[in-house]
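Consider the single chain below, provided in structure tokens and representing the form predicted on its own.
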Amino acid sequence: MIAALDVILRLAGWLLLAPLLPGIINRVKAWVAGRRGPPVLQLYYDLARLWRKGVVLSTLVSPGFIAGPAIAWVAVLGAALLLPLGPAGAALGFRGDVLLLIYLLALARFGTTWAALETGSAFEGMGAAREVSYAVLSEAAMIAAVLSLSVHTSSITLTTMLAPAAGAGALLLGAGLFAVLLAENCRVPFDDPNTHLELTMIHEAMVLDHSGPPFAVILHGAAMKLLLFALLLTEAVVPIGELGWLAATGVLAGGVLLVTIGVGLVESLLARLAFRRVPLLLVTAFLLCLFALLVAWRGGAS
């Protein structure tokens, strides 16, 4: 009974808190630009409005057009339940759960790109091709980061891997994971979630034909994925597991807020990169995580 209540509370936390992050990013961007900007709760209003709307379907689409966003949303939520929350641990944890986390994130990407391809639109196919091409490099950086944490702690369980800090390679790992966060969540300088220039779109090109509740599911899933990566980055760099329950909760919340503000500042101060430069930045992120892996390996060897 207590375990079920714990899972329900975690689910409610993920569902309710995730839409706050895009609102904070938009407020930071507005503050830097000297504008008033939209309210922090704007995404909540958008989700409620979209949920009340109907769904417009092309005659060309298959059931995958609706199933894809649902699969992606469930996969991200499943990955979120695997992520430990400091001393509170994870709702679902077992030996090797980090592998399932990576596969669930890959499944979420598959669901989104599948739905884009089911529209039969060449433009959405172009966005899906760009998304998958960049994912090859960002997933390599993500796997190198996970290997670094695994070598550092001699474990493949998330609760154990994320309890201590990443050691001497924490700075390298933090920089690499922050670049992965920006790429995986389609943020500047890899992508621009607010772009309306068709030829530069990546993620937005894949969801142009969605409307109503399926589009709300896509937006909410993207917010949960952003929260997941912010938590993962914070726990990989800060030794949350060595703190008390109250202090760990405060540090975790502060870390997520700091990462979110950092994303807003990056989007305010940098422009979107040209396509030919995106792989170079992703390779840099991979090398940062690889160097963190080498530092962890040398630390373990000594």
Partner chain sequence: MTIGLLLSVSAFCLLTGILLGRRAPGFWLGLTLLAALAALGACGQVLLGGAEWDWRSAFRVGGESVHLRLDAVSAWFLTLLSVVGGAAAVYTRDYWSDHHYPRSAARNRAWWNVLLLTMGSVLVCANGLHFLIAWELFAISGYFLVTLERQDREVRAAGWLYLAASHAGTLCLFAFFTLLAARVGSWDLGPLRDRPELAPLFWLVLAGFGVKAGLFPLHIWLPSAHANAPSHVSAILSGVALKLGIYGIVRFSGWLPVPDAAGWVVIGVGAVTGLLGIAFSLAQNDLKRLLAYSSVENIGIILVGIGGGLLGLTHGDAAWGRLAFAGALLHVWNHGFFKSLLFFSAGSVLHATGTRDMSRLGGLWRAMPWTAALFATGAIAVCALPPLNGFASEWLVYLGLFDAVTSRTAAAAIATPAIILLAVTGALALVSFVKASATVFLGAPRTAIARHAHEAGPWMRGPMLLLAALCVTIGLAPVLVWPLLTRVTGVWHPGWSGAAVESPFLGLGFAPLLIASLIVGVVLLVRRTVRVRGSERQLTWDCGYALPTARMQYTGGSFGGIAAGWFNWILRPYRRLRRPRGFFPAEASLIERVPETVLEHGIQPVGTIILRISTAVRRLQHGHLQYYIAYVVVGLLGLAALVAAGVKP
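Positions refer to the first chain, counted from 1. In this text the structure is predicted, and so the values were computed from the model without any measurement.
Omitted here: the form predicted together with the partner chain. The next part is about that form.
- Taking a 4.5 Å heavy atom cutoff to the partner chain in the model of the complex, the contact residue among Ala128, Leu232, Ala179, Leu85 is Ala128.
- The partner is absent here, but in the model of the complex a heavy atom of Leu137, alone among Leu137, Cys186, Ala222, Ala80, sits within 4.5 Å of the partner chain.
- If you check the partner chain in the model of the complex, you find no heavy atom from any of Trp31, Gln42 and Val259 within 4.5 Å.
- You can rule out all but one of 238 to 246, 251 to 259, 64 to 72, 23 to 31: in the model of the complex, only 64 to 72 has residues with a heavy atom within 4.5 Å of the partner chain.
- Among residues of the shown chain, Ala175 is not one whose heavy atoms approach the partner chain to within 4.5 Å in the model of the complex.
- Though the partner is left out of this view, Leu99 does reach within 4.5 Å of the partner chain in the model of the complex, counting heavy atoms only.
- Proximity of Lys53 to the partner chain in the model of the complex falls within the 4.5 Å heavy atom cutoff.
- Although the partner is absent from this view, Leu60 contacts the partner chain in the model of the complex, with a non-hydrogen atom inside 4.5 angstroms.
- Contacts between stretch 78 to 104 and the partner chain, counted in the model of the complex as any heavy atom lying within 4.5 Å, involve Leu92, Phe94, Arg95, Gly96, Leu99, Leu100, Tyr103, Leu104, listed in sequence order.
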